[in-house]
Structures are given as structure tokens and as C-alpha cells.
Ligand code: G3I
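There is one chain below, alone, in C-alpha cells, taken in the form predicted alone.
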């Protein structure tokens, strides 16, 4: 379980070490001095880049596998498990003094092709409970937290409860969420169990409904004694779209805290694809969106971790409409393609420093 006192001690040690080396503190140390974890998603292929390894170790205190822990990667064929990619990241984290966050155990997407038919004809819920048990026990003791159920809400499906009509819901009904969390708690009772989704951050009318349905889901889980312990706000922002409504977000997070839940930001990035080409304007818009979001998140004492969905723009794919513009790459993450700190990095650091 994430513990603020432990994080603070670890963070101060990391900060002292960085200063002793004459290096500027990274977000890892700055966040830990506030009593939270800063981290990022990464792929094992990125670890072949020595400069990236150095930046990752300096900046991150918690690591999440980007795509190498989804079910299509872990169980490509029924009963055949491949942990190689996620194991490489986990081993690197252990050597580097980082915690690990698992992503993700039950999701409607990123599943192997064989799974949907198996789910449709499954005699019982073992089709996903055995998977939760296998994966969590493989990493038991090495992982601080897990996205147990990911993106179970989808307003467009029109259900009164807001739930997505996924393969899981169609076969098992809404109770699949309860079952998943109970299985996760049994598999590793020490890990922090997270429900993660992406529609609670914005200020538009549909975000209001999404927040209401999320609270409805979480309140129901808690009332039934389901061991959900945290909300994962994915934090996919838009630098040139409607801004975060800070008052609405603050009120929502207060309700989450009142349920006794922790709060994590699990996939923070800022879309700048609708931005002007001029880099300074794009960077400023990305930083402003980040600050507007994190200033509210960090005001809530239930917040225990902030993870970005990638640390550097170096590995981002270029959107198709940008491919005709040489040298134009997305700038949605804290470090640029040369691993230099950008205004977004500064915005995150300032958010951690606010009191």
C-alpha cells in the first residue's frame, strides 16, 4: 500500500543523492518531498537507450508498462503466458529503486483475438479470475498498485448506469467488476487496487455526466464491500480544447476522497495536435493545461501518485496529417526528443511544490 511517510523518506534520500552528484533534482525527488510518487509509462524497447535510462532513473519513482502488460501481450494463446516485456521493466525498476504500477487486468480492449469468443461461451467467471490470479501472483511483492478494471464506463452505450456494454458486461453483467476486485485482493492483498477511467477531467456537459456515473459506480462498489481502494484519473488532456473546470474537478475529487479512496493520475499527457506549428505556443498551451489540472489534483490530500503516459516525446508516433512537415513532432510529454525539460516539466514540478 502506498504510504506517504515511506515515500517522503525515500524521496529525501533520492534528493540528497542527486544533490551529491551535482545534478538538478528530477520530478522523482520533487514529488517525493511532497509525499507523492511521480512516474511514467515505458516500453521495454526504450531501455535499450542508455540516455533514456538515465533520464528515467532521475525523473521517475514509479513505472508502469506501456502496453506489455495488457492481455494480448501477456496471454497471446489460451493458457500460454509471456511475461518477458513486463519482466524487463520490473527488473529495471527494482534495480533503480522504483515502484511498479500494473496496467491492466480487465479491459474491454487490447485483448487477444481468441478471447471474445471464449468469454461469450464461458461457463463461469474463471475466464478472467484465473488471469487476474496468474498475473498478480507472478508480480506479487514487486507491485505497489494495479489498474484492476479499466474504462468500464461509456456513456454512448446509453445504459442508465453508464456502463460500457463490453464483452465482460454482456456475459457476466455489472457484477464482473465486483468479482475482478475480489479476485485481485485475494491474489495480492498488499497491492493498492485501482479503478481507472478517462472521462472525469474535462469541463463539458458530458464530463459532468461521466463524473456522476463514476461516483455512482464507486459508491456502489464501496457499499457492497468491494475492495476498490483508489480511482485512477487517466489525465488525457487537450492543450487547445475546452479547459479543465477546476471547480467541478475539485468537487468531484472531494467526493472521491470522502469515499475513503486514494487518487492516482495514471496516464497524464496533453494533446497538442490542433495547435499552431510554433513550438513555444504549443509548449505553453501544454504546460497551462497540465498546471490547471494538477493544481486541483495536488490540492487533494488523497492524491498519492502522478504518472505520465510516457516521459519523452522521443518515442511518440507522428500523426498522419503531420508527416508532411519535416521536424514536426508531438510535444505532449515532460521531456522533448533530446530528453530536455520542457514547460510541461516545469508545470508538474510547480504543482508538486504548491502548498
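Positions refer to the first chain, counted from 1. Model, not experiment: these values are computed from the prediction.
There is also a form predicted in complex with this ligand; it is not shown, and the following applies to it.
Practice item. Considering this ligand in the predicted complex, find the one stretch among 242 to 250, 148 to 156, 119 to 127, 214 to 222 with heavy atoms no farther than 4.5 Å from it. Key: Of the options, only 148 to 156 has residues within 4.5 Å of the partner.
Exercise for review: Select from the listed residues 257, 138, 236, 185 the one whose heavy atoms reach within 4.5 Å of this ligand in the predicted complex.
Suggested key: Only one option qualifies, and that one is 236.
Review point. Considering this ligand in the predicted complex, which of 83, 107, 172, 92 comes within 4.5 Å of it through any heavy atom?
Key: Spelling it out, the residue with a heavy atom inside the cut-off is 107.
**Study point:** Interface membership of residue 262, this ligand in the predicted complex, 4.5 Å heavy atom rule
**Key:** Residue 262 lies outside the contact set for this ligand.
Check your understanding: Does residue 282 reach this ligand in the predicted complex, with heavy atoms at most 4.5 Å apart?
Key -> Flag for residue 282 set to no.
Check your understanding: Heavy atom to heavy atom, is residue 267 within 4.5 Å of this ligand in the predicted complex?
Key -> Because a heavy atom of residue 267 falls inside 4.5 Å of this ligand in the predicted complex, the answer is yes.
Review point. Is there a non-hydrogen atom of residue 72 within 4.5 angstroms of a non-hydrogen atom of this ligand in the predicted complex?
Key: Looking in the predicted complex, residue contacts with this ligand include residue 72, since a heavy atom lies within 4.5 Å.
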